[in-house]
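Quick setup: one chain, the form predicted alone, written in structure tokens, and binding and motion questions come after.
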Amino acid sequence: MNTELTPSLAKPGRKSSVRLKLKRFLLDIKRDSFAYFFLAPFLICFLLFIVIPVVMAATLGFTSYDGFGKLHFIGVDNYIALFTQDIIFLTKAIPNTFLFALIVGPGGYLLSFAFAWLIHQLPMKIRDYYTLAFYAPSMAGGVALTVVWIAAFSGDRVGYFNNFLLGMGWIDSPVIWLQDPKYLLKIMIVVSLWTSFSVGFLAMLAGLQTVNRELYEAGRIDGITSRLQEVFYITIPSMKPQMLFSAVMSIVGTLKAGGISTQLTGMPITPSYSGHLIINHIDDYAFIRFELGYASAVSVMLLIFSYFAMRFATRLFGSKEEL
């Protein structure tokens, strides 16, 4: 008898539980309405510029749309074509992006931490000057690419790199670095590492200043004998929030770095697709071919890649509540 009544009694109980939670939620909003008023500008901007565009991109990924005519719903055809017919995406965009991300992401991240730690060891009087020197390239952006790196890798004898190699007798004729598929991706990686000292670098530098100095003294008493052990056992665990923030910024900056190839070569499509990243593939189909539905499908895949990369970073540096 009890077993027969249990399912019928469970449903009203669940409904009342949901109603109770909803009532509590509304009461909390009413109680904290003043706080939500201050949060409203951010929440509105987040909704307009993040949530709605992501939903629109996910929706367009299931359509065929050129930006002018009507939407045509085609289901998952874009995703099937992406992994079965798009040779450029499979053989160029994905391998280039993963190679670029595997070197620039962890490499730039480690360099940022290493130089932030070294700068932190300097006296306060000169620390700010070194910080500005390392942070300046990320602020310069496209101007730095145009003035410094394009001039350095110019394909004539005047280019800094060619001039140096010709002067040393290591090459007989100038190398067209930025148009040669063998060198373009490598140059992109070097330039990206040079500009990787951005907001994440500043966050690490700020995190180093928050570490309690007494922990180092306690560590020496417990048997820590080298600076390297201090970094692994005290410094990094003490600044995990800053490390996580820097990791997320590094992932975002790496996956959206497709503009470097177009700035270096001056062309929307690089020679032989040698510097073609996923973000370049999106730009190609969205702004050159006007296949917005297909471009949206590619952008959704990039969003999924970014999500899993950030989950990995959260597992490394996040707290137990964030996992």
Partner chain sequence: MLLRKLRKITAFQAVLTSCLTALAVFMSLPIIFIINHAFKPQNELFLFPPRFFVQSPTFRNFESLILHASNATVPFTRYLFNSIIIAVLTLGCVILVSTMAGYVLAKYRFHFKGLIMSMITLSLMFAPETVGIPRYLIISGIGINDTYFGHILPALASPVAVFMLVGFISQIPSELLEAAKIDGASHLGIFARIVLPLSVPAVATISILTFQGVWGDVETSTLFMQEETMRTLAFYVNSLLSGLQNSVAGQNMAAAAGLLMFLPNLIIFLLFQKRVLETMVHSGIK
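Whichever C-alpha set is largest while still superposing within 1.5 Å between the two forms counts as the rigid core. For clarity, every value in this text was computed on a predicted model and none was experimentally measured. Residue numbers count along the first chain shown, from 1.
Just so you know, the form predicted in complex with its partner chain exists too; it's not on screen, but the next bit is about it.
Not displayed here, its partner chain is kept clear of residue 223 by more than 4.5 Å at the level of heavy atoms in the predicted complex. Contact annotation for residue 181: none of its heavy atoms lies within 4.5 Å of its partner chain in the predicted complex. Proximity of residue 84 to its partner chain in the predicted complex falls outside the 4.5 Å heavy atom cutoff.
At least one heavy atom of residue 131 is located within 4.5 Å of its partner chain in the predicted complex.
The stretch among 229 to 237, 87 to 95, 73 to 81, 208 to 216 whose residues place heavy atoms within 4.5 Å of its partner chain in the predicted complex is 208 to 216. Of the listed positions (122, 171, 102, 110), a single one reaches within 4.5 angstroms of its partner chain by any non-hydrogen atom in the predicted complex, namely 122. Using a 4.5 Å cut-off on any heavy atom, the one residue of 97 to 117 that reaches its partner chain in the predicted complex is 115. Relative to the superposed core, residue 22 undergoes a Cα shift of 2 Å or more between the shown form and the other one.
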